[in-house]
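Let's start with one chain on its own, the form predicted on its own, as structure tokens.
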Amino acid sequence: MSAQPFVPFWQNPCGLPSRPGLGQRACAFFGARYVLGPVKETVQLVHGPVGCGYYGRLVRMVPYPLYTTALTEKEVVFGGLDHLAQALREAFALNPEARGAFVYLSCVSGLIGEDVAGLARLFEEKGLPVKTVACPGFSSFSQAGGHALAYEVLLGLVKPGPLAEEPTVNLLGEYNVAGEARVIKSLLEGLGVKVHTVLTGETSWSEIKTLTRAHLNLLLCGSTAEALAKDLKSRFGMPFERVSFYGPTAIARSLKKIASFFGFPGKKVLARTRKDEDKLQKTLSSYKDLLSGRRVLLLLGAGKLGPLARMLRELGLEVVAVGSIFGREEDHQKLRAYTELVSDNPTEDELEYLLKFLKPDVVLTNARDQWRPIKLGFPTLSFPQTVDRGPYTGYEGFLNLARDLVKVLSAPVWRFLGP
């Protein structure tokens, strides 16, 4: 890695509240919905204005069913609890397969202070479990607070039970973007390991209740699901391992950890990874020639940054700066192995300054932040990726990322918009 120039740039530490109007963070409700949205066998309803329902409908660019009480000034003044009860009855009637409901409390319902928990108990008595997700926007300064609240709710569903007969794991903090869970399952099945459920990209109310069937929890995103992994260990004695399936180095390391836990012979893992890596290298060489030495700026949620930085280095690219939307200090410490320029929640002005100063060859960022670098003429790859781009996990995912980087870098439009 080449020596980095001195950059007169303020690096924001983790854990600071958002500066009003300047950051690109989302609210606690959005964070809770991000985690709970894909959970099957559920009715999901936001007790708030219709705008909250619109805001929470898409999760990672996928529409998941969401009802809303569409609170107005009338309910704020006179109370909306009867309105909520009626909405829940209708939602359960429309979804007879639902095993339970999540009721999100957004800012308005959080402020008027209704006894939603009491209403939930009445539904429980009728055999209709209702879990309250108290996630008004003011309860946290970023979506990370909503992630934590959502996982606390899920923890309350888990019941002790017998272990599965065959080697079985749960995937924690895996959100199945563009089918990434399918790739991970395939890798584990090659070892003879079954996946009980994927939290929360591919799971259901019933599967969450029986989480304890698994022998081991695999933690993929520490920034969202680490607390859940630790709580499952302390309450139910479930061990967990930190793993990653982004890039060949991480895949091999993770498969070795899992094989060691279950007592599988190391030769089995070695044979599997060598075969896949040999196949990968045959296709990868042409991509690496085009990507080697390219400079990248990253701006994403903290859980994605470390795996992506490692993948980019394996492809021969150099990470010149990293911005996290909601980071933890431990995430930032790991990222400093790739660059000293690491900041949390940079503003639009700070991002523009960095782009003009560092002039990266490509920017990897989220859907909210992609427009500034695009308008300034920087090749930009947005996350989470759409289904047509395919997964980025596993060996095929490594190729997909290399292909997408080459595509965006070689797009002719940048000749006309260059910085």
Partner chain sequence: MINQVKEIPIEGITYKNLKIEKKPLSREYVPPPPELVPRANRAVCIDPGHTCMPLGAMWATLGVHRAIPFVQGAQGCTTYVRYTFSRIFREPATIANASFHEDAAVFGGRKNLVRGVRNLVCRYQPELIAIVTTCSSEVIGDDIHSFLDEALDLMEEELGPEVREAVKFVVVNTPSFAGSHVEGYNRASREFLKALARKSGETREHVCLIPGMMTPGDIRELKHMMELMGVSHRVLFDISETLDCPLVGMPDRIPYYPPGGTPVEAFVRAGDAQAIFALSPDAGSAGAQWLDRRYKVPAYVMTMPIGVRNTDHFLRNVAEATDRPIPDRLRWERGIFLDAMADTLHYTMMKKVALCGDPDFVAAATWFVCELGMVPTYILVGTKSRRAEEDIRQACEEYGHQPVVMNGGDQFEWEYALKNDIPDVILGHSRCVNIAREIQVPLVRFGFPVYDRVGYQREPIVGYRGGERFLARIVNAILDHQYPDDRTHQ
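Residue numbers count along the first chain shown, from 1. Since this is a predicted model, take the numbers as computed values, not measurements.
There is another form of the same protein, the form predicted together with the partner chain; it is not shown, and what comes next is about it.
Screening Glu329, Asp115, Glu124, Glu90 for any heavy atom within 4.5 Å of the partner chain in the predicted complex leaves a single hit, Glu90. Contact with the partner chain in the predicted complex, judged by any heavy atom within 4.5 Å, is made by just one of Pro384, Gly56, Gly394, Pro38: Gly56. Of the heavy atoms in Gln86, some are within 4.5 Å of the partner chain in the predicted complex. With a 4.5 Å cutoff on heavy atoms, Gln24 counts as touching the partner chain in the predicted complex. In the predicted complex, the partner chain lies within 4.5 Å of some heavy atom of Arg372.
For the chain shown alone, Ser140 is a contact residue for the partner chain in the predicted complex, at least one non-hydrogen atom being within 4.5 angstroms. Heavy atoms within 4.5 Å of the partner chain in the predicted complex are found in exactly one of 105-113, 263-271, 333-341, 181-189, that being 105-113.
Contacts between stretch 32-53 and the partner chain, counted in the predicted complex as any heavy atom lying within 4.5 Å, involve Arg33, Leu45, Pro49, Val50, Gly51, listed in sequence order.
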